[in-house]
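Take a look at this single chain, the form predicted on its own, given in structure tokens.
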């Protein structure tokens, strides 16, 4: 079941595409059989629409400012997020920390698996065959195309999401942020920095 943001584009004449027609037919059949209600369906769609990178940014800001939470997040991302009220469902979250010595990037080479609970919908480029194939072969070249230049001595690690496991990058905390509160820190965290194609913003 997908929401309208996930659905393929409409057909050439402005009508529903084949996949949209199938989606509607299956949804209506399941509602008719009483497996779930229209209200439940709309509630799930609304919940998916409400997901955004702001959730992940709050998690990162908390990890930057709370050493105990950061340790829990790196040990068990799912449990740490659920401990602060984020429903992760069946997702196993693995959080990888970038630093001055190591830079992490995430991808899904098979499809577009992505930590939607924390980052919302994946950007279009994340789902392309170009990104999925190239970032594992030439990550530095791909990062440069995003404007991310790394020193030669920084190790770049690429992590491949799977159907039952999602990675999220804990970006390196920018220098000069020691006196900033969590709300201010969260504003420095971008979606791209949690994917790893970018860095956290500097204040």
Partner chain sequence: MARFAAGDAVAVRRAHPPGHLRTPYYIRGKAGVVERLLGEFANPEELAFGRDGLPLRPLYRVRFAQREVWPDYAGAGADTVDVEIYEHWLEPARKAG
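These numbers were taken from a predicted model, which means no experiment stands behind them. Positions refer to the first chain, counted from 1.
As for the form predicted in complex with its partner chain, it is not shown, yet the points below apply to it.
Q: Residue 54 versus its partner chain, in the model of the complex: is there a non-hydrogen atom within 4.5 Å?
A: The answer is no: residue 54 has no heavy atom within 4.5 Å of its partner chain.
Q: Can any non-hydrogen atom of residue 86 be found within 4.5 angstroms of its partner chain in the model of the complex?
A: No - in the model of the complex, heavy atoms of residue 86 and its partner chain never come within 4.5 Å of each other.
Q: Might residue 62 be said to contact its partner chain in the model of the complex, defining contact as any heavy atom within 4.5 Å?
A: No, residue 62 stays farther than 4.5 Å from its partner chain in the model of the complex.
Q: Quick one: does residue 79 come within 4.5 Å of its partner chain in the model of the complex, counting heavy atoms only?
A: Heavy-atom contact with its partner chain at 4.5 Å: absent for residue 79.
Q: What residues, if any, in 116-136 have a non-hydrogen atom within 4.5 angstroms of its partner chain in the model of the complex?
A: Only a single residue, 136, comes within 4.5 Å of the partner.
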